[in-house]
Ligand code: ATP
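First, one chain by itself in structure tokens, the form predicted alone.
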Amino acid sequence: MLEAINLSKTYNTAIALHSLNLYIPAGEIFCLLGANGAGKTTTINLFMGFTEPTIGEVLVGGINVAQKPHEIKKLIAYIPENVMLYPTLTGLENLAYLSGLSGTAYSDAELVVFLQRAGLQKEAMKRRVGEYSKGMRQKVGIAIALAKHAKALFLDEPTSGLDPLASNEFSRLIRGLADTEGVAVLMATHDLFRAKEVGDRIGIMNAGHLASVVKAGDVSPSRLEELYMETILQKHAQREAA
């Protein structure tokens, strides 16, 4: 569903991403770990067509993102660190409007079902989003993905600022999207624990390189932390030597 082929991005002389090769099939959650500036957000931006690659290709469902950006928009959904919704509209109204932008029209009853599947309480659906917590706004974001029948979901630091209960619930909802809807998920995060808990595979990025990839089930939390630190320190040592 998601594929990067020899993907690189350079801003002036700064290399943000270097020769990324990545394949994420339908139903898999791939978590990208890395410090700020490692290349995680750049990778997501390239997949979503927010920026064009300097070298290489990005494919969603076999479609080249740079060549057919409008077709890609129909296949993907995005949940950033802070989901941007219209604060004076209700959760139901936000969902109706934002799902309608993709050319779909649903009855209120159908919209309620999407919001319920995303975990939003029924009493909250008709409240203004300006009163929502971060976790509630994210649930509207998940409902938008459901309403679009998105084939791929991109998450950028989605659990930042959430308490453990809300973070756990969000992870459960994302896992459900992958398992029951076959959605391919690419999640950028700093949260090693959450990556281990929800991901199928975990990639560790540093200085624009995908330094290592492991199966989440094959590493303990402590070993994942060790691997992360080893990667960061190795790249730091290489820069110092250069």
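The first residue of the sequence shown is number 1, and the count goes up from there. All values reported here derive from a predicted model rather than from experimental measurement.
Only in words, not in the display: the form predicted in complex with this ligand, which the text now covers.
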Quiz item: Within 4.5 Å of this ligand in the model of the complex: all of 11, 37 and 40, by heavy atom?
Solution: yes
Practice problem: Flag residue 24 as yes or no: does it have a non-hydrogen atom within 4.5 angstroms of any non-hydrogen atom of this ligand in the model of the complex? | Solution: no
Quiz item: Taking heavy atoms and a 4.5 Å cut-off, does residue 227 contact this ligand in the model of the complex?
Solution: no
Quiz item: Hey, in the model of the complex, does residue 16 get a heavy atom within 4.5 angstroms of this ligand?
Solution: yes
Quiz prompt | Contact label in the model of the complex: residue 169 to this ligand, heavy atom within 4.5 Å | solution = no
Quiz item: in the model of the complex, which of 62-70, 209-217, 29-37, 176-184 comes within 4.5 Å of this ligand (heavy atoms)?
Solution: 29-37
Practice problem: Would you give me the residues of 173-192 that have any heavy atom within 4.5 Å of this ligand in the model of the complex, in order from first to last? | Solution: 190
